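This document opens with one chain alone, in structure tokens, the form predicted on its own.
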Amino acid sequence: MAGSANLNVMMKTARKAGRGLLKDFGEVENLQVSTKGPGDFVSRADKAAEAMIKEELMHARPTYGFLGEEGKEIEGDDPTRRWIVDPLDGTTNFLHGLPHWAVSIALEHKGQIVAGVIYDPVKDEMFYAEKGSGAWMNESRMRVSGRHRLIESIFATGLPFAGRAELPETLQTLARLLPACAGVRRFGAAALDLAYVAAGRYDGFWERGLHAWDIAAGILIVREAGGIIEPLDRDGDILNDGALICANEPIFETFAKVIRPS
């Protein structure tokens, strides 16, 4: 699909960032065995990737705002448009040498996401969408899965770690869902979880405690692939609350009943 000029800028930038991160990822394996460990190195790689992305995007569109994970938000001269960027989603995977992480870039216009790109450099998979133009991976059109039954479906989520408050609630949710489905995966990169729902690899996804940059691109990509995505709390706001649920249309209601506390 030939995208707009903005989408082309986003894809080119994501690829460039991906190439740099791939080099760093090769380095992480050497650092695993060092006494210092790869932690500082990875946070430097993360920051360098964001700086590079910011420079490319701001050069291409000097008037747009910028919200990234690392720096503080930049207000653009054009208050209606801003980039929302996660230079490295799946940092913990990256840090441990696990090849499952991505670059995520979204463009917001008047509070709506209008373009999104999620790039997985290890597998060279580029997931992207523009509002009204469908969702794509590399050259192929993507659709959410067509499964109708929960028991045949697999779902993705994140699990609370390091003493986060939502652990008891998550365990209760899993206790309701696991007996009713074909499996739950926890791969550690929310942007890719959303991309995989759009690609029909997962049948649905839910999570709390996410940031706008983790999910902005993925929200649009899922919708453009025909998926339903809603705030986890019915009257919530996905980008601000960072809590969402999504699935294909046939199973959304059944899935949501299991996940949402009544």
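We number the residues from 1 along the sequence you see. Because the structure is predicted, anything quoted here is derived from the model rather than measured.
Another form exists, predicted in complex with a small molecule; not displayed. Remarks below refer to it.
- The candidate stretches are 50-58, 229-237, 37-45, 203-211, and the one lying within 4.5 Å of the small molecule in the predicted complex by heavy atoms is 203-211.
- This chain appears without its partner; in the predicted complex, the one residue of His148, Arg186, Arg176, His96 with a heavy atom within 4.5 Å of the small molecule is Arg186.
- Of the candidates Lys131, Arg164, Lys123, Arg141, Arg164 is the one whose heavy atoms come within 4.5 Å of the small molecule in the predicted complex; the others do not.
- In the predicted complex, none of the heavy atoms of Val103 sits within 4.5 Å of a heavy atom of the small molecule.
- Remark: Val117 does not count among the residues lining the small molecule in the predicted complex, judged by a heavy atom distance of 4.5 Å or less.
- The closest non-hydrogen atom of Thr91 lies within 4.5 Å of the small molecule in the predicted complex.
- The closest non-hydrogen atom of Leu107 lies beyond 4.5 Å of the small molecule in the predicted complex.
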